[in-house]
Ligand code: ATR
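Given next, in structure tokens, is a single chain: the form predicted on its own.
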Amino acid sequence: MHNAAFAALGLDWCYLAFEVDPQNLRAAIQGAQAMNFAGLNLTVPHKLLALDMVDVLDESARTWGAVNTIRFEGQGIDGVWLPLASFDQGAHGRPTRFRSQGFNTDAEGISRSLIEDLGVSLAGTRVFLLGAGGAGRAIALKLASERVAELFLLNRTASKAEEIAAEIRLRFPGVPVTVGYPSGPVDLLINATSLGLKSSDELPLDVARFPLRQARACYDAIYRPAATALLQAAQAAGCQTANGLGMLLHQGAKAFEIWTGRPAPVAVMRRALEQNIYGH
């Protein structure tokens, strides 16, 4: 989607994928900065680790507690920090200093996708969230900020879910949050775990403890495969379903704007994603 967007706007940029071991993440970030990259996206398992590896955290990263987008910046002769791309035009001279700034675009991506793809307005809804990693944490805090009626958190390592629950109780005391399975129906079930990426993966929850028919809608943040085992089971149970393509699109569009300073061609990016994931 990014390369399609660059082409649409006539930008001589290229978006590439690199597999980086977590123990090499700091070196990878520093190396990308040394090579004058405009920025980076980070995915599992780097989003939490990067919080301590960038020079500055944007309000979005501080608020949602994870970094999925990095922008490399330079300080001009006037002392103002600007995206490195701003210096390409020559209007600001050469940077005198460099730094990395971390952002989080996941939270904005999930809320826009839920409205567009499921018609779900979060305020006043009961939500069951699976996963407490980087994306799960950002989603949980975003849900609380939108004043959901009640939030249930489930994670393989319960202590991680407890940490997020404690933070929500502190920052959003009006939002009831429970660690564990809901006792009754919910308006929305969200999978923010990585279970479902492989066809051999088990479901991310015990359907004996929470039958999927008890969820009015089911959203899986995974976008490839397009229909995970969870979404297939939820659809069979009568749930309205959507995968993470919309979240991927909108978090990517926001990252594009952070790097380039230009409005993202969202329609172009959506078409590129759909062609890549669905083949049409």
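Source: prediction; values computed, not measured. Start at 1 and count along the sequence shown; that's the residue number.
Note that the form predicted in complex with this ligand isn't included here; everything after this is about it.
Among 192, 177, 186, 148, the residue placing a heavy atom within 4.5 Å of this ligand in the predicted bound form is 192. Shown without its partner, this chain lists 97, 94, 209, 156 as candidates; in the predicted bound form, only 156 has a non-hydrogen atom within 4.5 angstroms of this ligand.
With this ligand omitted here, the record of contacts in the predicted bound form names 148-156 of 102-110, 115-123, 148-156, 77-85, defined by a heavy atom within 4.5 Å. In the predicted bound form, residue 135 approaches this ligand with a heavy atom inside 4.5 Å. In the predicted bound form, this ligand lies beyond 4.5 angstroms of every heavy atom of every residue of 29-46.
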